[in-house]
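Quick setup: one chain, the form predicted alone, written in structure tokens, and binding and motion questions come after.
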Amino acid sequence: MSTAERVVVVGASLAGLRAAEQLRAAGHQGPITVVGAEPHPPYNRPPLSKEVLAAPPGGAPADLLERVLFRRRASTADVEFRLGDPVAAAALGAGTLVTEAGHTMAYDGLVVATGLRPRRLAVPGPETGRHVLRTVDDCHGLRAALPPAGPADVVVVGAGFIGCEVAATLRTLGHRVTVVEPVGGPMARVIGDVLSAAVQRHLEASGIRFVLGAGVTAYVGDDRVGGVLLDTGETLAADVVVEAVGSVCSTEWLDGNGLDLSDGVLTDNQLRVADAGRVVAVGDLARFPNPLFDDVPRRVEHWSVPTDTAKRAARTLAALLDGEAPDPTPFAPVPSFWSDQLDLRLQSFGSPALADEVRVEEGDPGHLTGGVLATYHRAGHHVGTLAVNLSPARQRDLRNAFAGLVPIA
């Protein structure tokens, strides 16, 4: 195994941390440096929209961070972390990086792990009072904007998973919450219309209002947001707005290297970045073909993907650094995620969003708390599963249902 080649991991989130761990597991003994834009060590993001957002008021960002920090494994004790100074540009042909502060770094192997950032609405109006939720500092800012003495009028723009989780958490804190979604019902693109309507009814029963089919045209107010103007002409009262309208891949630092960055970073099935030498991509921005479904490269923004892609990409990069060919065994991970909303736990396996048919196999969508199992199919092939409030003991079986599938590609 190589002891001299330096690997730089650009991105210090879960994907970057797992990539460093898996490089050591794959036998890479050379120096590893992880470079992160945030000043914080790697931490767990999913709790930010749930238990961390709902934690008792007060406290500094450091207090919130302590709740979600990943503990360093012994295998990465010698890994260098350079935080708070993002990489601004890369020259892949020369094997060099330049950070925003002007520091130049050379590498022999590169892991692209810069992930996503929240998309923002480009509408007129005051900036104060508008929030997103991606980082621990975002979470602290949102918590600080909520009045401790009484309920606030909160408008959540976007009814995806983050939007619904934030709405549910803020409702449990007693705030008056309205969710605005211009296209479809809550999470409908992923879980389908039947389950989307069922979740909407469940959230509405708690007091959350949904305004569907309407877009935001402006924020109302002088020096801070006081309302949200919709394209229907209605103005929603708002002390706080949370924009949860999707994400943008953080790939600008790779511009100028001839890569396909049209949607994340295009890789092959071994996570090797196309036409880039000893460079791999991991996490949310890796766009790779998964033969479990077909041969179309796709990004997958699921919890399991950073760990799965880091494991495979590290093996690929370690082989390349040793002058060997990467493992040709098809990489076919089963994507999975969960979402907690009020008293519901949604667990997904596979890629339900690819389906053209949804079958409710167990339970009654009108009674989600009693447990519901739905399977998702495309041209007759099972491509996804959604479990609502089913026993954790069934997770293994639900995931393993994909293990016996014949790759479609």
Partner chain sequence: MKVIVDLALCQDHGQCAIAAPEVFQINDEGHLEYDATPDEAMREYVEEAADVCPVQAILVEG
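Numbering follows the first chain given and starts at 1. Bear in mind the structure is a predicted one, so any value in this text is a computation, not a measurement.
Form predicted together with the partner chain: not shown, discussed below.
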Next on the checklist: I need to confirm a contact call. Of Q200, T99, T169, T307, which residue comes within 4.5 Å of the partner chain in the predicted bound form, counting heavy atoms only?
Outcome noted: T307
Item to check | Residue among D340, D364, D63, D356 with a heavy atom within 4.5 Å of the partner chain in the predicted bound form | outcome: D340
Next on the checklist: Taking the partner chain as it sits in the predicted bound form, is Q22 in contact with it (heavy atom to heavy atom, 4.5 Å or less)?
Outcome noted: yes
Item to check | Any non-hydrogen atom of F349 within 4.5 angstroms of the partner chain in the predicted bound form | outcome: yes
Item to check | Residue contact check: R345 to the partner chain in the predicted bound form, 4.5 Å heavy atom | outcome: yes
Next on the checklist: Taking the partner chain as it sits in the predicted bound form, is R119 in contact with it (heavy atom to heavy atom, 4.5 Å or less)?
Outcome noted: no
Checklist entry - Exactly one stretch in 65-73, 356-364, 31-39, 374-382 has heavy atoms within 4.5 Å of the partner chain in the predicted bound form; which is it? => result 65-73
Item to check | Contacts with the partner chain in the predicted bound form, stretch 271-306 (heavy atom within 4.5 Å) | outcome: W303
